[in-house]
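The form predicted on its own is given below as one chain in structure tokens.
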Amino acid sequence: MHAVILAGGKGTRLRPLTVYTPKPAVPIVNRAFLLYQVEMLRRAGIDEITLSLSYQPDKIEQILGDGAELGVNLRFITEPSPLGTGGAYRFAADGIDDTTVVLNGDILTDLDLAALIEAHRTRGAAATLALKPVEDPSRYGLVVTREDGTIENFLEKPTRESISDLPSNTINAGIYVLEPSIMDLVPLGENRSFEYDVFPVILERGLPFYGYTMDHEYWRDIGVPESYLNANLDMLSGRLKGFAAQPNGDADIATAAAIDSRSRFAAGVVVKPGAKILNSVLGPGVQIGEKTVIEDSVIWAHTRVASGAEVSGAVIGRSCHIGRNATIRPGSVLGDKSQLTDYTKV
């Protein structure tokens, strides 16, 4: 089997974190996000993976290499122009004559892909979509299925008023199993959307089209800062199954500093006396000053937080400087190389 990861988006909703870092490369607990998707595919026995890239593709290739160390074979395809989700799949999968798993490049999940693939094959489906029940489907594409699991209809980003009258709260989870025949529905080299162009044609032609509902599996779209932060915190709490915790790196932690068991830190971290690190992630080379408090936060590589500062519920990008006694409140997001002077409150 093959897999295609659609990783060409600019990550606009995740800015300012994605100005210098493509969304698939943002770190989740000090590990590039895309590596979790590759690991999930490998566990399902899929070792031929094509990545469809567009925004800052060189940075993604540098992180992943050829995939040998990950136990897979990676192939990188850069879109010549924006092709949409369906067009990017068609371009990347050109020449593949086998069942293909397609992943949106911003989905973090512990879904058992092998079980999804088995359901697809057992039903003799041409296409199977992973679905996820959510409380508020208005942000996503709502999918209505029949009792036998076949897909009946799609509603892209329905209004909250219309949702109350619908029999379903399952959304398109951005994970698909597709037979090669689906490629025939998408013109090569043209911009096409799965949601608006490809899936309606599958319904019109009456092809075997099924949904696979994720009941208890973890699922999150990391495409906005709040969700990105929560993905890190969920990983720290052990909510995701099957992913081993990243080991802590060699660091200089003062004996008078306090770091709880959930927090993770990378190599080169320095934590001065009296500092407290609670339920947080510190990237490579981060420096934490005396009597600083970091809680429920993610700090990217080589950022320095000076003495007496307080950071809570925030994401701080690379190579930032946070001045003495500064206060960063929940919900704050600082892009790379941000500078906060002493006693600043944000």
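When you see a residue number, it is the position in the sequence shown, counting from 1. What you see is a predicted model; the values in this text were computed from it and never measured.
Absent from the display: the form predicted together with a small molecule. The rest refers to it.
Look at the stretches 178-186, 81-89, 246-254, 260-268 and give the one with heavy atoms within 4.5 Å of the small molecule in the predicted bound form. Residues of 81-89 come within 4.5 Å of the partner.
Sort through 100, 104, 170, 109 and report the residue having a heavy atom within 4.5 Å of the small molecule in the predicted bound form. Answer to the contact question: 104.
Counting any non-hydrogen atom inside 4.5 Å, which residue from 281, 286, 315, 53 sits next to the small molecule in the predicted bound form? Selected residue: 53.
Counting only non-hydrogen atoms and a 4.5 angstroms cut-off, does residue 13 reach the small molecule in the predicted bound form? Residue 13: yes, in contact with the small molecule in the predicted bound form.
Does the 4.5 Å heavy atom contact test between residue 3 and the small molecule in the predicted bound form come out positive? Output for residue 3 is no: heavy atoms all beyond 4.5 Å of the small molecule.
Taking any heavy atom pair closer than or equal to 4.5 Å as contact, tell me whether residue 9 reaches the small molecule in the predicted bound form. Looking in the predicted bound form, residue contacts with the small molecule include residue 9, since a heavy atom lies within 4.5 Å.
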